[in-house]
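This document starts with one chain, in the form predicted alone, laid out as C-alpha cells.
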C-alpha cells in the first residue's frame, strides 16, 4: 500500500469534480453552453477512477494495516503550537463510500445530459445545473475523505449548501424555492447539535483528529487525564446523532426530504440514493468508538431507525406521486441502516447502504424517465399501462423495484435480511418491526409499479410518450446490473468479501462492544431452519406483499377504493403524513412568524419612535431657523454684521 499513491488519489478525488464545477460554471455560459455537461462528466469520472485506484491499493492485503492517516498540509496553528490539518483518513470504509458516491454520481451526471434538455436544446440554467452537480460530488468526497472532525464538519455543511442549490434549481417555482428553504432550515436544526457535539469533543479531548479522539474514548480518559464519564460520552454521541438525523432524514427531522422532490429527478437520485442522505449513516459508523462507548446512544440509534423505517413505510402506502413514494421509501431504508448500526451490525448497515445506492438511484432515474415521457407529470393516477410504451424503462424499473422489495436473490434481499437478523438477536421487537416494514415495502413498491405500468394505456391529454434516449438508458441498465448482483459481494457463497474488507474498521468497536456476543450460544451445526429460516421468512413476506399489490391493483382494482372507504380516517392520516408538518407549523413555524411580526412592530413603532423623539429637537430648531433664510443677500449681510458685533462686544466685555 503506497501512501504517496493514496495521497495523490485523494487530491485527484477532490480536485477533479471541483475543477469540473468551476469550468462548467465559469465557461459554460460563455463558451460551452450545450456542452457544459462535459466538464462535470470528466471531473466525476476522474474522481471515480482515482477511487478505483484507492480500492485496489487497499483490497487484498489480508491482515496488513489498511488504515492510513495522510496529512496534506497544516491549516491552522493555535497558540499551543498544535495544528488543524488538512488530512485524509483512507481505510476500507472510506474506499467503499468513495466508490459508491463517485460511481453513482457519474451515472447520474451522464443521465442528466439528456434529461436537462427540452426538444434537444439545453434548459435554462443548464450550465449552472452541472456546476452544482460537480460541486456536490466534491463536497461529499471531502466529507468522506476528511481525517478529522473539522474537515468532516466543513464537508457536511458544503453538502447541505449544494443540496439547497440543487433542490431549488427551479427557483422561479414557489414550491421549489420553499422546498429548498425547508431542507436548509431543517438541516440547520440537526447541524446545530452536530456542531455542539464537535465543540464538546474539542473541549474534552483537546483535538479533533479521529485517531486521537477515538483512542482516548476507548481508553476512557480526557485530555486532562481525568476519567471520561458515561454522561459526557453519551452527550457527545447524542449531539452527533442530531446531525445524523437531519442529514439522513430520520425522525423527527425527516420532513424536508419528501418536499425535496421539487428538484430535478437526477438531483433526487444523487442526493437521496447514495450521497447526502447516507452521510449520517457514514458518520455514525465512522464514530463507532464514541457511539459504542454509550449503550444509551446505541439504543437511541436503533430505536430511531426502527421507528423511522416503519413510520415512513406506512406513509408510502397511500402516496400517488412516484418520486414522493420513493422519497418515503428512502427514509424507510435509511431507518434500516440506522437500525443496523444501532444493533452493532455496522458492516451490514454499510452493506445495505451500498446495495441501496444501486436500486434506489435506478428507481429515481426510472421515475425521471417516466416524468420525461409524460411531459413532467409523475402522478400515477394520471397515467397507466406504460410497459409497452416505455419498455426499457419498465424492465429496469421492475428490477429496481424487486431489489427494493427484498425479492429473493436480488441485492436488497441479502442486505436487508442481515439487518433484520441482527435486530432479532438484539431485541425481538426490533426484528418484528423490520419484518413488518419489509412486507409494507414490497406492497407499496409494486403498488406503484402496477399503477404506472399495468392496466389500460392512459396518458395525459396532449402528451406523446416516448422512450428515453441512450444517455438516459445507459445509466439505467448499469444500475440494473448492480441492483441484481451487488448483494452477492456480501453472501457466504462468495466468501462475504464485503464484510471481511470492512472488518479492520469495526472489529475494535461494533464487533468487540456488541453485547450479544457476550451471552451468545452459537449452534455448532445449525440445521436448515436455523440457517435459512429467516431468509425464507423475509423473502416470503416480500412475495406476499407483491402478490397482494397485484390482486388489489391489477386483478381487483375496486378493492383499493373499498379499503379507502372502509377506513377514511386512517387513509387521511397517512395521506397527510400523520400531520407532522401541520404540527410543526402550529407549534414552531407560526409562533416564530408571530414573534417576527412582533419584532417588526417593535422596530417600526418603539425603536423608530424613540429615534423620532431624539431628532425632534434639532428638527424644531431647524424649523425656526429656516424662516430666517429668505434668499435676500442684504438680510444675510445684516445678520453677519450683527453677529460679528455681538462677538466683538462679548470679547471686550470679558
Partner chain sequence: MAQILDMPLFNLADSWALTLVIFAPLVGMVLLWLPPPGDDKGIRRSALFASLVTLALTVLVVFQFYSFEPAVRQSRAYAFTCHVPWIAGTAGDSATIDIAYRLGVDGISIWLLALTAFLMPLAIWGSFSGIRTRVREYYSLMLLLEVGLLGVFCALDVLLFYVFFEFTLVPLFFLIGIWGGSERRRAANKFFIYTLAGSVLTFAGVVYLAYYSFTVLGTATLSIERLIQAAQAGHIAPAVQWWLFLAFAAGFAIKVPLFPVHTWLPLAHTEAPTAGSVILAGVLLKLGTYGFCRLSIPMLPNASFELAPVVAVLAVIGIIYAALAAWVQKDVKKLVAYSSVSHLGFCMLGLFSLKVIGVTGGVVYMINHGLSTGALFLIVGCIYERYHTRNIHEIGGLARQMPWMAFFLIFFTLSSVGLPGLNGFVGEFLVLLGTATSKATSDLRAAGPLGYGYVIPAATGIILSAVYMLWMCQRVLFGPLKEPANTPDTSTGLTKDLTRREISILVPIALACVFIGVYPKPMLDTFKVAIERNVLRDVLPAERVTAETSGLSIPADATQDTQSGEGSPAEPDDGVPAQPADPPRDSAVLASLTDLDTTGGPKHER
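If you superpose the two forms and keep the largest set of C-alpha atoms that fall within 1.5 Å, you have the rigid core. Please read these numbers as outputs of a predicted model, since none were measured by experiment. Numbering follows the first chain given and starts at 1.
Not on display, but discussed next: the form predicted in complex with the partner chain.
Chemist: If we define contact as a non-hydrogen atom of the residue within 4.5 angstroms of the partner, is residue 618 a contact of the partner chain in the predicted bound form?
Modeler: Residue 618 lies outside the contact set for the partner chain.
Chemist: Heavy atom to heavy atom, is residue 174 within 4.5 Å of the partner chain in the predicted bound form?
Modeler: Taking the distances in the predicted bound form, the answer for residue 174 is yes, it comes within 4.5 Å of the partner chain.
Chemist: Is residue 56 part of the interface with the partner chain in the predicted bound form - any heavy atom within 4.5 Å?
Modeler: Because no heavy atom of residue 56 falls inside 4.5 Å of the partner chain in the predicted bound form, the answer is no.
Chemist: Going by a heavy atom distance of 4.5 Å, is residue 556 a contact of the partner chain in the predicted bound form?
Modeler: No - in the predicted bound form, heavy atoms of residue 556 and the partner chain never come within 4.5 Å of each other.
Chemist: Spell it out for me: taking the partner chain in the predicted bound form, does every residue among 12, 127 and 587 have a heavy atom no farther than 4.5 Å from it?
Modeler: No residue of the spot touches the partner chain in the predicted bound form.
Chemist: Based on heavy atom distances of 4.5 Å or less, which listed stretch (195-203, 492-500, 269-277, 284-292) is in contact with the partner chain in the predicted bound form?
Modeler: Looking at the other structure, the answer is 195-203.
Chemist: Counting non-hydrogen atoms within 4.5 angstroms of the partner chain in the predicted bound form, say which of 178, 409, 547, 516 makes the cut.
Modeler: Answer to the contact question: 178.
Chemist: Could you work out which of 185, 536, 551, 512 is the residue within 4.5 angstroms of the partner chain in the predicted bound form, going by heavy atoms?
Modeler: Answer to the contact question: 185.
Chemist: Using the arrangement in the predicted bound form, list in sequence order the residues of 588-604 with any heavy atom within 4.5 angstroms of the partner chain.
Modeler: Those in contact are 589, 592, 593, 595, 596, 597, 599, 600, 602, 603.
Chemist: Is it true that residue 619 shifts between the shown form and the other one by 2 Å or more at the Cα, once the core is aligned?
Modeler: Yes, the C-alpha moves 2 Å or more.
Chemist: Hey, does residue 601 budge by 2 Å or more at the Cα between the shown form and the other one once the core is superposed?
Modeler: After core superposition, the displacement of the residue 601 C-alpha between the shown form and the other one reaches the 2 Å mark, so yes.
Chemist: Superposing on the rigid core, is the Cα displacement of residue 610 between the shown form and the other one 2 Å or more?
Modeler: It does shift by 2 Å or more.
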